[in-house]
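Next comes just one chain, in structure tokens: the form predicted alone.
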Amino acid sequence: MATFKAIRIDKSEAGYQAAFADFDDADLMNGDVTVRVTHSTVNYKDGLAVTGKSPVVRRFPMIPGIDFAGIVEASTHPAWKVGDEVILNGWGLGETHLGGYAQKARVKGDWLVPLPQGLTCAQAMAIGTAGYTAMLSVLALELHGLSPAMGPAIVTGAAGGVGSIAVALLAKAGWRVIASTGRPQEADWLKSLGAAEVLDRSELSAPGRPLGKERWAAGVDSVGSHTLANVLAQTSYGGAVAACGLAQGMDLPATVAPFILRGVSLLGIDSVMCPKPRRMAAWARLASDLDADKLASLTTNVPFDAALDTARSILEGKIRGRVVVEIG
């Protein structure tokens, strides 16, 4: 029986614990594809899961990690054969189904996406759920009919995983990007990704007016709370904001004014249960539109044994861009 390393989360009277442990094949959950995991990544949600600061994990014990990339070891699913390179984002991975912080995973083949041509497994995890969510946000804005000719686009939480890739993607698509961040020291780096202007997050994070000056036509928000309310209040007539995160909070202390006086739209972005055709479209665009050099510039690689500390650090705002965890 094959033994492999994984991070195990337990919850008991002794408290919430996350630590490395030995697993074997019998510990894996039901699925028709077994994958040798080569890479994972660290998202904000992974930090919440590892620390227990939010009820992300809904089954114990749990292997965290909402992403992985790797190579198929065994399959009874007709779409996959041994040796295929695959990606998995969401579908309850690391929440209700044993996740990607392990050297092996068994999952449903319908959850998997083929590694796009031109990307390595490491690059796919440099993108990860954060980058995939950023692309879903950009696609939603495009589907809504917005274009760079209508005005600038704002990205909140711009130095984080979703934000940094959203900046690069929107700039590549021709938008004038305004990057909002609480880390002014990252201004030059954000401009290297394509931001035309860097805004201190304090301009958006406090309670604001129901309507403000029209400043942007589109937005990608990973912050929520007062930040999202202020972004909406300053979105121009007919514009839209894609909401995909809650770093400041789950609340939305806004009014209906932007919606009924300016026709602003709020577009909800879910990456976990997103249908496969939309996933495939997002990954195809990521493979073609995301500059490999810019992706490398916003990526840090860490060994598997550093995953726990890195997941904790992301909640403290200490992580810039994306982190690839080298599992294999």
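Every value quoted in this text rests on a predicted model; they were computed, and no experiment measured them. Note that residue numbering follows the sequence shown and begins at 1.
The protein also exists as the form predicted together with a small molecule; that form is not presented, and the subsequent description refers to it.
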Report the residue, out of 106, 176, 191, 201, that has at least one non-hydrogen atom within 4.5 angstroms of the small molecule in the predicted bound form. 201
With the partner left out of view, is residue 286 within 4.5 angstroms of the small molecule in the predicted bound form by any non-hydrogen atom? no
The small molecule contact at residue 230 in the predicted bound form, heavy atom, 4.5 Å: no
If you check in the predicted bound form, is residue 258 within 4.5 Å of the small molecule, heavy atoms only? no
Is residue 133 close enough to touch the small molecule in the predicted bound form, meaning at least one heavy atom pair within 4.5 Å? yes
Among 26-34, 57-65, 269-277, 295-303, which stretch has residues with heavy atoms no more than 4.5 Å from the small molecule in the predicted bound form? 269-277
